[in-house]
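There is one chain below, alone, in structure tokens, taken in the form predicted on its own.
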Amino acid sequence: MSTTAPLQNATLGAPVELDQRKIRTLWQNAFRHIVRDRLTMAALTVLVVLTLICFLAPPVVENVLGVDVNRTKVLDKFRLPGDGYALGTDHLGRDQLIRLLYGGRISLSIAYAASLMTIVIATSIGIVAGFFGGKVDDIIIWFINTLTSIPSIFLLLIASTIWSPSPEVLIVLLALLGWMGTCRLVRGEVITIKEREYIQAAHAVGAPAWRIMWNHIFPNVLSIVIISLAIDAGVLILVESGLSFLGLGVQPPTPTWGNMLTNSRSYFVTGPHLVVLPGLLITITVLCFYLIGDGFRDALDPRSHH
């Protein structure tokens, strides 16, 4: 079956062949753009490899090297990388490699889970606010303005005195305190989209509100959601590190990259690898998330497609 269809040129009267294979959707163009973007693909590759290593490698490393994440051996403290240990030891003689792997598992879990929860909350509330408008929108915006006027650090201090800052509690707290910015973006986009002709046509044929929001509006804000998801995950890595510095993050002996970096600041001279390694992993991970977010932003921008 031919993939071309003849068209009549209005000026010259000559038939023009339209290649249907060149007609692609926004998502197909975005995929082609990302595949051709070497920097974004490199960041995706590094992030996927790092995630797989942190989630799958710890049991293997423990069995092969005979180490334990919380086993202390004071006689071997501050060993440098290669001195009997792949990445050295900390101030208690604990193997730094296995602690970095477990710490990465928890830090990445917090980033992924909290960013997903944030996006779900922000998208749901933003679509409802923008679609219904009126009093519903006023109440939601009032709540967002009230919540953003309270310093997040103050709320985290209160929460840390009530609940122990375990990874699960920290995920919920970060999600509940971090959805407002993305919600505003989604709401603004929905206010624009709901005035378009196809939305008005859906109203005219009697489509229910939930179907319009899910089938017609949500796909059109998905690009914003994906970009926000990538950027928020990187931000949350930094937030977790900052909270650990303030003593509000996950508490030792449970390792995260944030608290490992914080606890090593007193040993920069005697154990510089304790500062460099977790700091380097945080930097690489956050940079990858930002590069991915930037790549998706360019890929999902129709003006960047030729």
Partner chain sequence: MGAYITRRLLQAIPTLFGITVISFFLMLAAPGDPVTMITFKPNADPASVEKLRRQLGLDQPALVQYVYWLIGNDWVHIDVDGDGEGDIYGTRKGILRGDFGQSLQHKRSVGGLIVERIPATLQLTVTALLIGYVIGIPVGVLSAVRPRSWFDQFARVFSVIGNAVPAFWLGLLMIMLFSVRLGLLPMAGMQSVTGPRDADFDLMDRVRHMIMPVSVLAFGTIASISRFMRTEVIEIMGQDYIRTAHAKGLRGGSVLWRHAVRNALIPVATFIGPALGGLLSGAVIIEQIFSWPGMGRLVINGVFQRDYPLVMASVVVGAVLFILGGAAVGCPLWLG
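Positions refer to the first chain, counted from 1. These numbers were taken from a predicted model, which means no experiment stands behind them.
Not on display, but discussed next: the form predicted in complex with the partner chain.
**Q** Which one of these stretches, 204-212, 95-103, 151-159, 122-130, sits within 4.5 Å of the partner chain in the predicted complex when only heavy atoms are counted?
**A** Result for this chain: 151-159.
**Q** Just to confirm, with a 4.5 Å cut-off on non-hydrogen atoms, which of Val250, Leu47, Cys54, Leu261 contacts the partner chain in the predicted complex?
**A** When the partner chain is considered in the predicted complex, the option within 4.5 Å is Leu261.
**Q** Does the 4.5 Å heavy atom contact test between Arg38 and the partner chain in the predicted complex come out positive?
**A** Answer no; every heavy atom of Arg38 is more than 4.5 Å from the partner chain in the predicted complex.
**Q** Heavy atom to heavy atom, is Val276 within 4.5 Å of the partner chain in the predicted complex?
**A** Contact with the partner chain, yes.
**Q** Would you check, heavy atoms only and a 4.5 Å threshold, whether Leu238 touches the partner chain in the predicted complex?
**A** It does: once the partner chain is placed as it appears in the predicted complex, Leu238 has a heavy atom within 4.5 Å of it.
**Q** With a 4.5 Å heavy atom cut-off, would you call Phe268 a contact of the partner chain in the predicted complex?
**A** Yes, Phe268 lies within 4.5 Å of the partner chain in the predicted complex.
**Q** On the criterion of a non-hydrogen atom at 4.5 angstroms or closer, are Thr25, Pro59 and Ala230 all touching the partner chain in the predicted complex?
**A** Answer is no for this spot.
**Q** Where, within 264-294, is there a heavy atom within 4.5 Å of the partner chain in the predicted complex? Residue list please.
**A** Counting only heavy atoms within 4.5 Å of the partner chain in the predicted complex, the contacting residues of 264-294 are Ser264, Arg265, Phe268, Val269, Pro272, Val275, Val276, Gly279, Leu280, Ile282, Thr283, Val286, Leu287, Tyr290, Leu291, Asp294.
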